[in-house]
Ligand code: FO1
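The data below hold one chain only, encoded as structure tokens and taken in the form predicted on its own.
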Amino acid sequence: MGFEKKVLCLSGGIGGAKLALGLYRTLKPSQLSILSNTGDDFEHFGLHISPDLDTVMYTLAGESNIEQGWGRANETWTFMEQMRRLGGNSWFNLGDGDLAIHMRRTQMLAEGKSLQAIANEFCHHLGVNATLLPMSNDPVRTRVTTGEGEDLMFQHYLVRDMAEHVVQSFNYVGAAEAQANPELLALLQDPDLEAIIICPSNPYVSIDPILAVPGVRDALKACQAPIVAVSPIVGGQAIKGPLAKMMSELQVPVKALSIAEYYDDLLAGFVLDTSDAELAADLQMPGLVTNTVMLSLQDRETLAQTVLEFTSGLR
């Protein structure tokens, strides 16, 4: 395969974390950096919640709840049971182990530590040897403007309201004032960085918040490492989450080619699922057709190996 140096992947939560795990198990863990979306972050019960950061971290640590798709494995729920008993908000479930992460993060932020420093410390304690990079140490919050004229925090749209609203647009509040994570900018200038992979995450709410931080898109375009994206749309459907619904409501064709066109100026190559093989001829860039549906751990590893080999050929 020939990857002896560094690889960066851009990831949202559940879907992106699957490929991130495949890369983590395929490469030497120290070779891999994961750039994580923090636009999903919000404050709940007075605590700083970082859903995508934590999903990636739990996944790489082998502590994710595979059946549920979010949260920690072997979780207990005493806190939420008592919160419901006392009439408190219960729309966003926080398991007892998960709650400790959020409490500790909130405490460390109050002590003046950055999201990056906190991610480093949490990864150390959980035995994760890859580098987890929050897109910024500054607050950026994704908000969803709906057809009903509401302006919702993303977690209210997705979890509380179960993505029932018609999407009109997205706004990344605070992005214009945020500074890109300096560790990310340093990595993008590192001659040892050999590949950049955009995981099969939602482009609007997982990847766009990252690209909205000033300097990130330009630094990615200037980087010498080839950038490849894996389609989150397979056979006209989203594997996970409301992406297909969002695309339809935004009047974007729900097909893999729309994702390639969306990222167009960033990409050196694009990865399609075998069910979309007929679309490959219409790509305006090198394409790879392979199985992208990751049902098993072996699927994650195989896709990671295949994407790395494809990317290696683009260098």
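Note that the coordinates shown come from a computational prediction; the quantities given were computed from them, not determined experimentally. Start at 1 and count along the sequence shown; that's the residue number.
One more form of this protein, predicted together with the named molecule, exists but is not displayed; see below.
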- Does Pro51 reach the named molecule in the predicted bound form, with heavy atoms at most 4.5 Å apart? yes
- Query: Though only this chain appears here, would Asp98 touch the named molecule in the predicted bound form if you measure heavy atom gaps against 4.5 Å?
  - Reply: yes
- Task: Answer for Gly13 alone: is it within 4.5 Å of the named molecule in the predicted bound form, judged on heavy atom distances?
- Result: yes
- Task: Would you check, heavy atoms only and a 4.5 Å threshold, whether Asp273 touches the named molecule in the predicted bound form?
- Result: no
- Taking 4.5 Å between heavy atoms as the contact cutoff, choose which of Met153, Val159, Met83, Leu193 touches the named molecule in the predicted bound form. Val159
- Query: Considering Thr78, Asn93, Ser169, Gln189, which brings a non-hydrogen atom within 4.5 Å of the named molecule in the predicted bound form?
  - Reply: Asn93
- Stretch in contact, per heavy atom within 4.5 angstroms of the named molecule in the predicted bound form, of 106-114, 85-93, 123-131, 219-227: 85-93
